[in-house]
Ligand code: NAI
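The data below hold one chain only, encoded as C-alpha cells and taken in the form predicted alone.
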C-alpha cells in the first residue's frame, strides 16, 4: 500500500526540483502517493494565504511532507510559514546532515546538526521600548529556553546517534556568558549525557570556538546539538564545508508530523530555466524514505546521486558543469537502472 505524502513544490525553482525528485523516486520504485499542495507565494496566489488550511489539513492527514523552497510574503496580514508549521505540528527537532561527496578542501566531513526548532530567540517574544518621545528607541527580544525543550532535543540527538551508529554528540552553547538560558541548556545536556555514558561519547563546545574548529578540523565532529539561533548559523556553515546549500537537505521532526525540505532559497533568477540543482530536495526525499521505512531505496538513490556527481560528466552549473536539471535527473535515473 502506497504511503501518502504531502508534496509542496514551492516557489521559484521549487516546482522544477520537485518534479525532478518525484521522477527519481518513481524510477527507484518508491511506493509513494503524492498529495500536491501549495504554500508560499503559490499559496498566496491561490488562497491569499502562504500556508493555507488545505495544506495544513493534508499534512495532518499524511503526517509526512516534502517541501521545496518557499518565498515568504512581505507585509502584514500573512502568517509566517515556518512558525505556522512548527506550532501546528510541534516540529521541535531540525536535522541537517552534511557529508563530503566530492573531495575538496575537506575530504572527510560527515556531520549531523540537530537544532532545537521551537524556542530560543526565534520564539518571537519581542517588543519596542519607548524612551522619551521615541516609541521605538530600543527593541528587546527574549530568548526562552525551557527544561522540557532542552531535554527532548538533547535526548533526540543521543537517540539519533545510537540509531545511526554515531559515536559522539557535541553540545554547543554560550553558557559562559548567558548563564541562565544557555546554562540551563548545558546543565540539561550534561544530565542527559550521563544516561548514555559508555554508549555515546559526549563533549561540550562554546559556540565561537565551535565555529572556528568547524573550519579547521570538521572531521572531528559527528552529531552536533544546539539551540535554535546557533543551530541556524552552524547548519549553514556546515553546509558550506561540503559544497553549499545545493547539497544540504533538512528534516523537521515533531510529535505529530515530519517535514522534509530543501533548505536553500527559491533562486528566482534561475527559476524556469531548467538549470537548478535538485540535489538538496533529492537528499531530503531520501531522509523521508528512511523515515517511512524504505531505507533500501533511500540508499539506492543516494548512491546513484553521489555517483553521478563523482563522475563529473553530467553536472548542473552550481556543481561546475553545464547540464540542465532534466539532464542531471536523467543521469541519476540511468544509474538507478
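Please read these numbers as outputs of a predicted model, since none were measured by experiment. Residue numbers count along the first chain shown, from 1.
Heads up, the form predicted together with the ligand isn't pictured, but that's what we're talking about next.
For residue 71, a non-hydrogen atom is located within 4.5 Å of the ligand in the model of the complex, even though that partner is not displayed. Although the partner is absent from this view, residue 254 stays clear of the ligand in the model of the complex, with no non-hydrogen atom inside 4.5 angstroms. Contact annotation: residue 266 falls within 4.5 Å of the ligand in the model of the complex, judged by heavy atom distances. In the model of the complex, the ligand sits beyond 4.5 Å of every heavy atom of residue 116. Contact annotation: the ligand lies within 4.5 Å of heavy atoms from the stretch 276-284 in the model of the complex, the single such stretch among 276-284, 57-65, 24-32, 299-307. Interface residue among 245, 238, 95, 91, judged by heavy atoms within 4.5 Å of the ligand in the model of the complex: 245. Residue 13 is the only one in 1-29 with at least one heavy atom within 4.5 Å of the ligand in the model of the complex.
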